[in-house]
Structures are given as structure tokens and as C-alpha cells.
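One chain follows as C-alpha cells, the form predicted alone.
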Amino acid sequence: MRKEMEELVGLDRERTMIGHINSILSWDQETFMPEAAVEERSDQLAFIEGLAHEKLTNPRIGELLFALGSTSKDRAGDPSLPPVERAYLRVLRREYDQETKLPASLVTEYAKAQSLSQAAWIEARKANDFKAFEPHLRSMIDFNRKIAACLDPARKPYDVLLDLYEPGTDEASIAAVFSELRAGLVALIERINGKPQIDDAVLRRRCRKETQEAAGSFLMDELAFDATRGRLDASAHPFTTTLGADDVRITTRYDEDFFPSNLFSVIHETGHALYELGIDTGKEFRNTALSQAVSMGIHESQSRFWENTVGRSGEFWKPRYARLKEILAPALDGVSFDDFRRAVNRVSPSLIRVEADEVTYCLHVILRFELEAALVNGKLDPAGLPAAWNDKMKSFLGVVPATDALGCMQDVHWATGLFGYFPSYALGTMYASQFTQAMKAGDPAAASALASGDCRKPLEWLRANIHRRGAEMFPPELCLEVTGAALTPRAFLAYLDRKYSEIYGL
């Protein structure tokens, strides 16, 4: 059995290497690639995706999985194998079964269409031209429906897509959790609206891009990001991507009239990178299916923890505020620590998801969840997206975007075919609060560190309990083991109530 396992890992690593090459090409397209190169780049990405598909659907992988006792009904394989090997087989069997259901032609055609769609989105967003983007949106929806039909024709397409990002979920289960979450958020927002509003004008002082770059580097260092294993660049939409076990890249974007957009996107993306860099399944399973994140929801729990639980706390900024003022000078001249803390925690309905406060943020996500479900399930035609978007923005947040660029075209996700991804942000937000609650209850040193603004101990706790394990467990299993309970919005809502009762004097 040892011989079969070693051969299987070797084949899997070849697939992972091709995936990292794909990430390099994608990262370059979003950062430094010249505009005229998009057509050839789309062909390159399609070719690489085809190779990755070919590697993962190699019949020999199926033979080796079977030899190790792993079947579609019993993915973990022979009970006599060590737990880590059984966890690996479960993950790889799931991926192998999924990939072998997809025709190679569909994989390569989809990859090329994704690249072209992303490039079209960038230009259409700049020009505020939804009509120019609409054909690409239709294409992404059609491809996702085809993929869902191949994977499980008996289920609703959107349920199949959700399971790709958050194993074990479906539209009904997420909608139930979101219903409780939305009710709690609306109630809190109503209480906040009854209080005097916080003035955050200081956050809109002019701040040069070069100054913001320095602040980003400072924050990454404070969060213990290893600069020898990654880098920060700029892109149209902030993202994190893994180019190798020791090469995790993050990007941000700069708005010289609203510097918090950069500050908190850097903290957010650094949270993603810390997770990727913290995965440690041992040399035996390095660069395999096991050495990846549990799910996108768990991934988002890490970015949301650092961005909000830590990054918007007074405890984090108090020992660092003097240095931040120096770096961003003169933007924060004359601004007290308490004024800054309150400003970055102002609660006010806004148009842009990535710049939303942590109370209204999840309403942006629930809105997108409902819209993309309707798009994929055929209840909403893509041509009607702008109007549907505006209607929901008015209903959920009481604001309506003046342009589609500030509305339904603000996010890159649908342009790259990521249907089923958006719920991860709200699921991750809830996971983050439950994990924080467990951290404080089970590790006094980590709890004390959080209270003093020290990031090292909390990171150690996350590495030990979540990061290092890779994809060893599915999300519900990990949540239950770490927190002792299934996912619920209650910890998050209780956290918000405590925090904003103090800030707004509720």
C-alpha cells in the first residue's frame, strides 16, 4: 500500500504544479500584463487548464485510489491506513470524481472564456457599459450550468455550484442561516440609526498612492506576513493567489481620496495569505490536494478575522496608531486615536461591498447570493441584472447606485465565473466569530494577546487549530471540532452588539 500511496502523491503533485503555473499566468494578467496580450493569454490559460484536467483525470489515479480502498461511496479508503492518509484519499477522491465528469473540451473552452470575460469586465467597468459585458456574463452563466449538469444533473445547478466552494451546503441551508443573520443585522442597524452619526470625513483626506503603499507594507509586517514568501501588488480588484507553497501573492487597489480602502483590503488579503502560508500537512503531502484550504468559507473566516475582529479593533490600533500617522502624514494630522477608531467603525449603508462596514457588509453578500441563485436557476435573465440589483440595494440598504460600475459590475466574481462563491464571505464572517469565541475560551494567552493588540499568539492558535491541517476536514466537521457547535450567526451578532453598543452608546 505504501508504494501505491507514493505513486498517487507523485501524480497529484504534477497536477498541483500545473495549477500553480496557471496561477502565475492569471496573476500576471491582473497585475502587469499589457492589454493587447489578452487574446493569447486566454489561449495559454485554456491550454494549461486542459493539462491540469488531463493530469487529474489520469486513469492511473483512479486505479491507485481503488487499490487503496477509496471509492465514490467510501472515499477515505482502507480503515487500516493512518488518519492523515485517509483524509488525503477522501479529498482527492472527491476531486477526481468531479473532474472525471467534466469533458476536456468544456474545461478548456471555459478557461478561455473566463480570461476573455475578465478582460471585458475591466473595460466595461471603466466605461460603465453593462451592455458590453452582458454577453460575457451570459457565457459564464451558461458554462456554470453545463458544469453543474455534468457533475450532478439530478440537483439544482446552483446547489451543485455551492458545494464546490463550501462542501455540504445548498441554497436552502444557506438561506436559512442568512435569514437569521439578516434579521439580527436589520435590528441592530435600526438601533444604530437612532443615534448620532459618526463623522468619518477624516478618512477622505487626500493620501498619495506611494504613502498608502508604505502603510500596506507596515501592516503586513505587523501581521507577521513573511515577505520572503510573497509580495503585494495592485489590481482592479484585490485578491490573493497561491503560486507555490512558498509563494503567495496578494493585491490591493488604491483610492487617493479614501485610504481605508487600501488599508483594510491589505489586512483582508494578508489574512488569506497567512492561511495559505500556514498550511502544513508535512513533507509527505506538501503540494497535494490535502495541502489546500478546507473551503472558501473557512478561507474567508481568516481574512474577515484579521480585517474586522482584529483590524477594526481599538486594541490593534492603539499601539500602532502613532506609527500609522507618521506613515500617512499629513492625512491623519490632528486626528486623535479615538476619532480614528470611531471613524473606521462608522456604520452607514454604502454602495461598495469591499468598503462596507462590518454591520452592513453581510447584507451585500446576501443580496449577491439571492441574485446569483436567480441567474443560475434561470429565474433572472442577465439583461435584467442592473434593475434587479438596484431594487435589492434599495430594499436591503436603502441606497441605489448611480451607475452599473458602482452597482452590478463592481465585483470581478461573476466575470470570472465564480457563481456560488459569494456566500463564502458571510459564512466566513460567522465562522470567524465562532473561532474567536473558542480561542478566547480555550487559550488564555491568545485571549490576552488579542486584548493587548499582539497578533502573534492569535496567529499561533489559528495555525494550530485551522491552518496547518489543510483540507483534512470538511467545514461542518472543522467548525464542530474547534468550536463545539455547528455554524450559527449568534456569536457574530453578539460580537456586533457588544462592540457597537459601546461605539454608538446603544
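In case it trips you up, residue 1 is the first one in the sequence shown, and so on. Computed from a prediction, not measured in an experiment: that's the story for all the values here.
Only in words, not in the display: the form predicted in complex with another copy of the chain, which the text now covers.
A.B. asks: Given that the partner is absent here, state which listed stretch (67 to 75, 304 to 312, 183 to 191, 230 to 238) has heavy atoms within 4.5 Å of another copy of the chain in the model of the complex.
C.D. replies: Contact criterion met by 230 to 238 only.
A.B. asks: Please pick, from Leu81, Ile366, Val359, Leu243, the one residue with any non-hydrogen atom lying within 4.5 angstroms of another copy of the chain in the model of the complex.
C.D. replies: Checked against the cut-off, the match is Leu243.
A.B. asks: Which residue, Asn58, Asn465, Gln44, Gln437, has a heavy atom that falls within 4.5 Å of another copy of the chain in the model of the complex?
C.D. replies: Contact residue from the list: Gln44.
A.B. asks: Mark Asp497 yes when one of its heavy atoms lies within 4.5 Å of a heavy atom of another copy of the chain in the model of the complex, and no otherwise.
C.D. replies: No - in the model of the complex, heavy atoms of Asp497 and another copy of the chain never come within 4.5 Å of each other.
A.B. asks: I'd like to know if Phe474 sits close to another copy of the chain in the model of the complex, meaning any non-hydrogen atom pair within 4.5 angstroms.
C.D. replies: It does not: once another copy of the chain is placed as it appears in the model of the complex, Phe474 has no heavy atom within 4.5 Å of it.
A.B. asks: Does any part of Pro34 reach within 4.5 Å of another copy of the chain in the model of the complex? Heavy atoms only, please.
C.D. replies: Yes, contact at 4.5 Å.
A.B. asks: Please check if Asp404 has a heavy atom lying within 4.5 Å of any heavy atom of another copy of the chain in the model of the complex.
C.D. replies: It does not: once another copy of the chain is placed as it appears in the model of the complex, Asp404 has no heavy atom within 4.5 Å of it.
A.B. asks: Within 12 to 33, which residues have a heavy atom closer than or equal to 4.5 Å from another copy of the chain in the model of the complex?
C.D. replies: Sequence-ordered list: Glu14, Met17, Ile18, His20, Ile21, Ile24, Leu25, Trp27, Asp28, Phe32, Met33.
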